[in-house]
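Okay, so we've got a single protein chain in two different forms coming up as structure tokens, structure 1 first and structure 2 after it.
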Structure 1
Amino acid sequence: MNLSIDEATQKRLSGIRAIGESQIRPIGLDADRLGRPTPPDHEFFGLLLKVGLGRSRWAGENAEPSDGEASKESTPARPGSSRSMLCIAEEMSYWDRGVAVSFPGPGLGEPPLLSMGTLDQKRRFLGPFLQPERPRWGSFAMTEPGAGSDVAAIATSARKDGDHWILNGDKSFAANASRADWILVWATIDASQGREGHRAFIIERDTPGLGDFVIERKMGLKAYESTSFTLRDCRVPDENLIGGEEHYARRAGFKGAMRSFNATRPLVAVMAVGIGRAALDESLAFAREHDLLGLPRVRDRLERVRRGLRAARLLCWRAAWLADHSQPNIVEASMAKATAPTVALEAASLGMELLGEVGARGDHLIEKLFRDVKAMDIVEGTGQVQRIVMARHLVQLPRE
């Protein structure tokens, strides 16, 4: 596995570091203090577009497959590759993961469009993100009030009606949904069919029946909105069914959802690595300032956290490298997602122990990171779900 990072990605990382301390972290602290997401008209989002962020990974219709890169034995992380995205995501999350998720762009709706979407759908929904003239957002909605980690249990229904589909249901904790141009929504045409009944639709902004947006209150990661919304007799045209009906005739619906998670779980996992790095750096600074580094148990625990974060990053990179080379990565994606948030939580917990009573004041960055990091074990499949996935593959644990 080639661990090198190409020059263009290195340049983007330098750009993020340049705005990390001056922009990203202060905006995150401000959102945490005010208890609300960064508003979509914030000037920071316009700045991101100027430095080339907030764009789609889709290279345009002239670069549709046949590029052959997926079969190469080894390639460095390059702009648009999964591992390049991981490098960027980790660095953004180091400065503030909430702000990182609030960045404009197609978000988690992009992987299903890339893997399942038709050329026309990529053109219509990802094309505007190639050279956006203003900050744009896409969103992804799988979670429901009664179906979180168990995605097979989604209840949002889709019924065919002529050349349209009628969707009804409730979705929750969809990032940036109320400000998005479109939301990629998962629904079922028949709950009795289980996973084979799943379909993915693009619901465009202002579609009648899409509404009741509520931005949820959270303990951390307050800079981005986690939104609940409803679908009430929401009419969606046939051409917004991701991949078209032929795709699902091949029983690829639920597999498409799983491929999406196998692409996004390493991304979420490496964001935890970024938070953990920030907690470790702040803990080291506090320990140094208060003469705690002379204590062997403190040094040992700091080293243990550093070692764990590096190992977690390699798990994430391994899963992304497999995805970039079109190889199965379900176990590796779950390993990354199960490991990284746990190590990051250990980093933040150690920081809180070192802070002592200072941590109880609620005004130290480590205390904020401690609240931020817990969600990383929950979103995109909890740690328990990842361990079940690994057990099924490694020791043939039965599904039922």
Structure 2
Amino acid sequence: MNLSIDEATQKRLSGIRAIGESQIRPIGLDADRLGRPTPPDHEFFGLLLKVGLGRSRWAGENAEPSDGEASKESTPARPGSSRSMLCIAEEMSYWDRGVAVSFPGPGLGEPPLLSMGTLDQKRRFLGPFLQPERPRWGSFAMTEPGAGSDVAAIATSARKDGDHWILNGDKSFAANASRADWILVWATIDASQGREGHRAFIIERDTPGLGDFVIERKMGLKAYESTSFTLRDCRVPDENLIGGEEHYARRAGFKGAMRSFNATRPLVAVMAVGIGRAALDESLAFAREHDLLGLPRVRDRLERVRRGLRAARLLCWRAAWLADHSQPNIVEASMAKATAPTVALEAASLGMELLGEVGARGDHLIEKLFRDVKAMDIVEGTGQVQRIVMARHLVQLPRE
């Protein structure tokens, strides 16, 4: 057993801390004040490329197995992978979770490409992210106006037409979609087949029929764009069906989608821990400045927040550790995701109480964190959905 953050990870965290303080947090506050996402041509994104961020985790085709078989093991990425990614993600979110999501890179489309994509697809869609000459984004679109956490209910349709597919439907809240080189879109070939009918496509920028981009207005996390768009008779070549038809013959489309949720739940949960930690640090500093720390009721509530954040972090770490050892982590991942956002909200909400009228002014970091953090209990499956997932395992709650 070892529950400490090792030196190598610590070094990377202190690197993030440096740009966090000088860049990430001020840019997040700017975006919040201006009420718009950080523009794609902002010099900050170029700076990130220079320090080696905004790239794909794909190890490149030389690291692929010779038979070209898609496999997760073909991407050794970095030692410690999930766990060290968690530490990094938490630290980024500590400085600004919205800015962290706006970072260039293949984004949430990358895990399905890595696990399901053919070598040709990785080369075409992840290759440009290996040594990007300019900031590039990938995007991921599952959510629809009528299908949030209930991913089985997606209605975007894919119909085969010769060597193409025709896609029609509406997608919502896709991060970075309007600036992306491509969007990984989930669609169904036959809604009556349920999850079996799901397919993932890469839709490249400027494909005719892809359009109506609307950057939604949000309560918080304004630094990145949550974008809705439509697909109207959008023609996508066969080569852009992720994994090819053979892949879906082998395995149901839904499992791919659920696996990507599964891999990201502890990651999203730990981002909430980062936001909560920022709120705790700011609250402690404010309370000290205003002579509130001598009050036992203030001290006790701060203690409760720290304890909750520590437990939440451990829940996230455990889920990631299981994933790193290829052990089932469905209950553990959901536990982390169900827990961390509510603890982090409590942290920010307590911060608002300590601030009092200072918080009500609407220009304090804690007030922003209070708005930002609420999203964390909603994205990647709400707290309620996590409980349903856990209950399926703990008490065999039937699917209905």
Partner chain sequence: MIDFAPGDELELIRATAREFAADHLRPGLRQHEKARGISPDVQRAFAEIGFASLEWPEELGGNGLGALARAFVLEELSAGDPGAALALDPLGPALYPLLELSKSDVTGELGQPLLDTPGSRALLVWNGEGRRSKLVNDRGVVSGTVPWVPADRVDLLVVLDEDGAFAVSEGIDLKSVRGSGLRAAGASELSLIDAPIRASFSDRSAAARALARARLYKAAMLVGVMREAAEFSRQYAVDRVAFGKPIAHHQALAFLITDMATAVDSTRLLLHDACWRIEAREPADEACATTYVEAIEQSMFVTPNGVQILGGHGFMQDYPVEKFMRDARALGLFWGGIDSAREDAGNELIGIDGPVPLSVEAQL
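Keep in mind the model is a prediction, meaning the values are calculated, not measured. Basically, rigid core = biggest C-alpha set you can superpose within 1.5 Å across the two forms. Here, a residue number simply tells you its place in the sequence of structure 1, counted from 1.
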Structure that is the form predicted together with its partner chain (1 or 2): 2
Threshold 2 Å Cα movement between structures 1 and 2 at R25, rigid core reference: no
R387: Cα shift of 2 Å or greater between structures 1 and 2 (core-aligned): no
Is_shifted Q193 between structures 1 and 2 (CA, 2 Å cut-off, rigid core): no
Between structures 1 and 2, C-alpha offset at E7 (rigid core aligned, Å): 5.7
